[in-house]
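Below are two forms of the same protein chain, given as structure tokens: structure 1, then structure 2.
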Structure 1
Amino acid sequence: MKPWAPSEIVVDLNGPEPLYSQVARQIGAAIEDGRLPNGARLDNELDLAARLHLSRPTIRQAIQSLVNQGLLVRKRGVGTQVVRTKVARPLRLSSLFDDLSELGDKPESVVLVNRVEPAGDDAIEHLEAPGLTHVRRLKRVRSTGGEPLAIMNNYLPDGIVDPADDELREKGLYQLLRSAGVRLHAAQQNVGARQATEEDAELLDEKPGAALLTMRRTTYDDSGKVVEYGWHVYRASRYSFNLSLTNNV
């Protein structure tokens, strides 16, 4: 396939579609069909504006539109780069690691917390284990294509699994649980949204206040025991949940 060049953009100055939208639509199409591959860098705003004989604000608005769609990312010292399109994840009993792997991506993880600690009231409540004395606490940043996607937090009953940091970097939590003989059966899940905190923004390469998707999940084994409680946040610009509905009437 011939590499994409800005000269391929054709702008109708008298058409009803806004100029920034025409530019964004054509760059987006080049990303979607692979002419602009993941990691490709765009010319800076001044150069693009000069090539297309458009104003810099028009080009800036076009690029921001694609950033908001999760197709481009701005990096200090690097410029504007193409990123993978948004991850669309089905709502099912699987881990993010599993779903990214099935999509052909290579998930990457940074392990921030992996320790056993005394069980607080919050952990005891969510793990539905009044007599629990200790829990394993996990916190990881999951990335794909070199871009951070989610912050994953988990409580597990102490002793159910004892992963090393290397295992958490190379495998998903559900994969580790299954390898330990845990038979995952069902889960209760809540999906919501909130704005990014300063810490979220730093870990996810977003701006404070950016939109994030949230998910809370309680996972049960085949005996009805809670084996994991997770609370996670995802970049809304890079991630969505898919839900299939059926009519049972």
Structure 2
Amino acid sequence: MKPWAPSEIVVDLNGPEPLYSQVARQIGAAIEDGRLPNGARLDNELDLAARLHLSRPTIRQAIQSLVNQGLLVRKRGVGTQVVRTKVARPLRLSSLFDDLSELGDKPESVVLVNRVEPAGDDAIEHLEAPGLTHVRRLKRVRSTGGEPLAIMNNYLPDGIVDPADDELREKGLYQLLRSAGVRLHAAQQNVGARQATEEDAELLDEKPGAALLTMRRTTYDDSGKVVEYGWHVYRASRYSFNLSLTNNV
């Protein structure tokens, strides 16, 4: 197969978007919409650089970002090829609310608890903040299409966000944190399963003993501080996690 001639790529030398980003975005779009099908060979780096009147390192930076996203594979002595697996994006730092919103569902929430309370040993341990005196405690039931989907319990260190119940109904927790200037950096999640208790069953409109997905999560910000600890349960009949893994670092 003939290597792709990037006649369609145009770069704006004076625009605000970095050159490598412009190139990466346009090649990525060509892969997404099928102009660059699975297995297609990309032009080599030197030719690409010459045609776009850019330097080779700039081209390499563009290609590298696509390799990191898992859309391209480079092999020394061979070339660069498209590997379009079924799923494009690796796992992101997103919340249930974000995911549902992207799918076009309109999530609804009932806020059961939203208050600041003295920090117990449990909260102090999970938030990894020994001197903490107060925590915000949240308990919400998330629904879509009028059917309950999940029970969401959260601890947050007091003072990070101060949401009204209305805001909690209309926005996801991650959205609120980002709006408050928190720079989310990493999260550690544990996913398991258990049977529904009486209380679970009542809140989720399930029968006691039904299978539930459980998720415990600790979220960290840029400075390494814990900004949120949550333990959630999902109705297994209505929800499951999708994960994309790639082999890149």
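One-based numbering along structure 1's sequence throughout. Each form is matched to the other, and the largest set of C-alpha atoms that superpose within 1.5 Å is called the rigid core. None of the values given here were measured: they were computed from a predicted structure.
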Check: With each form of the chain shown alone, which structure should be assigned as the form predicted alone?
Finding: 1
Notebook entry, point to check: Quick one: core overlaid, is T218 moving 2 Å or more at the Cα between structure 1 and structure 2?
Noted result: no
Notebook entry, point to check: After the core is overlaid between structure 1 and structure 2, has the C-alpha of V233 moved by 2 angstroms or more?
Noted result: no
Notebook entry, point to check: With both forms fit on the core, is the shift of the CA atom of K75 between structure 1 and structure 2 2 Å or larger?
Noted result: yes
Item checked: Core-referenced Cα shift (Å), A62, between structure 1 and structure 2 -> 52.7
